[in-house]
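Next comes just one chain, in structure tokens: the form predicted on its own.
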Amino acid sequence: MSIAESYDLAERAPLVPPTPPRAPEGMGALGRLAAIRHNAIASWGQRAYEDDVVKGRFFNHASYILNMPDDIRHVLVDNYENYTRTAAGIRVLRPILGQGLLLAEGRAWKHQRRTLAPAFTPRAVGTLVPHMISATEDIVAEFERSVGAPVDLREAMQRLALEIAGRTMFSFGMGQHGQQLRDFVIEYGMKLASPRFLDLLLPLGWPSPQDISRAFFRRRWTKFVGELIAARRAAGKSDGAPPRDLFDLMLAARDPETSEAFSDDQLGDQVATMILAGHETTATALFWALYMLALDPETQNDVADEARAAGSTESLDKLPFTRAVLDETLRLYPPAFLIARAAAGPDTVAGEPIRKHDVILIAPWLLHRHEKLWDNPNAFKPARFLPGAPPPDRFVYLPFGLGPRVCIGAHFALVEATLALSRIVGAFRIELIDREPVMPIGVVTTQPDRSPAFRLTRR
């Protein structure tokens, strides 16, 4: 009997979660710009979910939304060096991520990628699992004390992911620094992360009005990250002891081709990138998974049954259904909903002539719901990802990107989120107190438009 058959999944009517209405096809440039400003997901019309390529204009340049695997492979793998981050993307992210791995290009990126790679192998991640489990047990104990009372799981998952990020990075909890870090993240997300008109219009070398505020933020943020690193350095490391956290691994890292280590400035940007990119995306994925399971009690019970059968585990091998729930959540709510690239030189994609500065858009939100690529694409069906199910084409399922620039922390994030989801759902029955739909908003990540109240009861 297959796993799907053991859960009677084929007999269930799948959940179709709520989504924003699709944009009218006749929406003008100003209307689309306004939609992007508030929710990029709501700026796409029905054609974007049906057509192979959607051609448009981005100010003075052509833009192309790519939905077919061969075209995506060409841009992200075969000719990836011809496609760089857009000026607007760099402008928005650089103040908080600096010149870390996510934004680096060319030789700098290759050096950083080679240097960091050993810290994110499955073996290295395995040494960090105890940090993940200890933080999860703490949040479970907190939930035990508030059983039956309204709980904000969005905020709780942000704290959990941040705590895991702090412990795996520095081997200490984020109690002393966590609130200040969350304040930085909220401040930037609410005030500075959304691109304004001039952010999109001006060349990168010309500062926009928002860039002035971003520069002040950058100064305060860099000082704070430096304080975190100083606190970790003060904790020290025993001579000859194996690495105990990501900071140890990053300090010991050397470029295998040049033997170069990270400078202090580079180390600060890598720490900022790993904490921010890791904790925000994982928190978002965990929130959406819990929301899906609250809307689908039968599937939630299956996750709980698997958790009980697996017992106390540090292995994903015993949690195939939980992992499938998470994979399906990442399909419907990919944290990175859009990959935007600007052509550095001429090319041909999908039979279209590409000119320098033309904009290429690969949107996991669209790709994962495309009507040519998925059966019942808007439905929540974890069985798609169970062992034995036909795997999706690797160029149509991109929760962590693809190609040389695929997310270096993908395995880390999947281990963290699967173990946390199993432990929480195995301990508590999760219900929504209010039934008003929660809508996804595409700003920097695929965020909920509000934080609904949940109720947790012991199983």
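Here the structure is a predicted model, which means the values were calculated and not measured. Counting begins at 1, following the sequence as shown.
Missing here is the form predicted in complex with protoporphyrin IX containing FE (HEM); even so, the following discussion is about that form.
- The partner is not drawn, yet in the predicted bound form one stretch among 315-323, 112-120, 186-194, 384-392 has residues with heavy atoms inside 4.5 Å of protoporphyrin IX containing FE (HEM): 112-120.
- In the predicted bound form, L330 approaches protoporphyrin IX containing FE (HEM) with a heavy atom inside 4.5 Å.
- Heavy atoms of I433 never reach within 4.5 Å of protoporphyrin IX containing FE (HEM) in the predicted bound form, leaving it off the interface.
- Of the heavy atoms in R429, none are within 4.5 Å of protoporphyrin IX containing FE (HEM) in the predicted bound form.
- Interface membership of A34, defined by any non-hydrogen atom within 4.5 Å of protoporphyrin IX containing FE (HEM) in the predicted bound form, is ruled out.
- Among the residues R91, R341, H368, R167, the one placing a heavy atom within 4.5 Å of protoporphyrin IX containing FE (HEM) in the predicted bound form is R341.
- Taking I96, L102, I354, L249 one by one, only a single residue has any non-hydrogen atom within 4.5 Å of protoporphyrin IX containing FE (HEM) in the predicted bound form, and it is L102.
- Residues of 405-425 placing a heavy atom within 4.5 Å of protoporphyrin IX containing FE (HEM) in the predicted bound form, in sequence order: R405, V406, C407, I408, G409, F412, A413.
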